[in-house]
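One chain comes next, on its own, written as structure tokens: the form predicted alone.
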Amino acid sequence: MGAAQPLQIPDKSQAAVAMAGPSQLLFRGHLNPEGYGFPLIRKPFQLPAPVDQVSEFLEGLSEESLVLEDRWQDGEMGHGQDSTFSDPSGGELAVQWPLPPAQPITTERRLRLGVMASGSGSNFEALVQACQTGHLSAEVELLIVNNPNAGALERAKRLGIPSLVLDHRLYGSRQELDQALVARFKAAQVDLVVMAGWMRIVTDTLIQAYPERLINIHPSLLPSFRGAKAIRQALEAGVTLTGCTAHLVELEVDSGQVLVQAAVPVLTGDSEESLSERIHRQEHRILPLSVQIAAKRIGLLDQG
């Protein structure tokens, strides 16, 4: 393990990510094979310090995009868009903030994570993969599910992660279930707990046991569309932009401190299923970064 490095995340109060118009931006290969990416305007910035320093940082992050000179206006009134440049705006184009570090963060101390899931466990697996590839300096120590038929159990078996079923139907109250969760996570000596698709409302019993160390992933741009069926709420509201949010957990549902968000466009003809698939892909990207940010906020990354 290399020497500890400070986690450099750009301050959201100091800079903004701008979306370039179709005539300004050309993606290499349109989008990278995974369909991930967000454009950054790479023309010279005329901004006062300290924003100019952040802009320079942002400029170096997006190697998959190439911003060309503006060909929309050539001094002639009524001149249209240059047809040689295709429109790169598609369903997979998403904007994330804060941006990830330019390089994976290596720390002397690897975080110990507990994960809670109720369903298929794709976010759980994304966390494990981030740990295994070195993008997240952590280890998933324990997965707990509340559904004996959760697909996350099969993922845990395949990935070699210890797992446990705490069926909520066997407990007399939410508090009793949370007491059991706390006991198992304390025994596993986890530093942070991630609710990766946990479909139960948690109580103060769990929140107070892991203050500022309990993270949730939610499929909307909070504070919009809180609670259940957030993607359906977005479609019914007719919004053109939604996304996902990783945040700290508080007693009020989906109300805690936002850690990372990713915005996803709603396309004409989108169904709940099609939009869910694109949002979930962004959840997989932002959840590992949210763990790093949460750990940095309380000094866990600085401990040897």
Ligand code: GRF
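Quick caveat: nothing in here was measured; it's all calculated off a predicted structure. Each residue number is its position in the shown sequence, starting from 1.
Not on display, but discussed next: the form predicted together with the ligand.
Checked against the ligand in the model of the complex, the candidates Leu214, Val190, Ile217, Val128 yield a single residue with a heavy atom inside 4.5 Å, and that residue is Ile217. With the partner omitted from this view, the residue of Gln233, Ser163, Thr205, Ser122 that lies near the ligand in the model of the complex is Ser122 [heavy atom within 4.5 Å].
Within 4.5 Å of the ligand in the model of the complex, a heavy atom is found for every one of Ala196, His280 and Glu283. With the partner left out here, the ligand still marks one of 131-139, 179-187, 217-225, 163-171 in the model of the complex; by a 4.5 Å heavy atom cut-off that stretch is 217-225.
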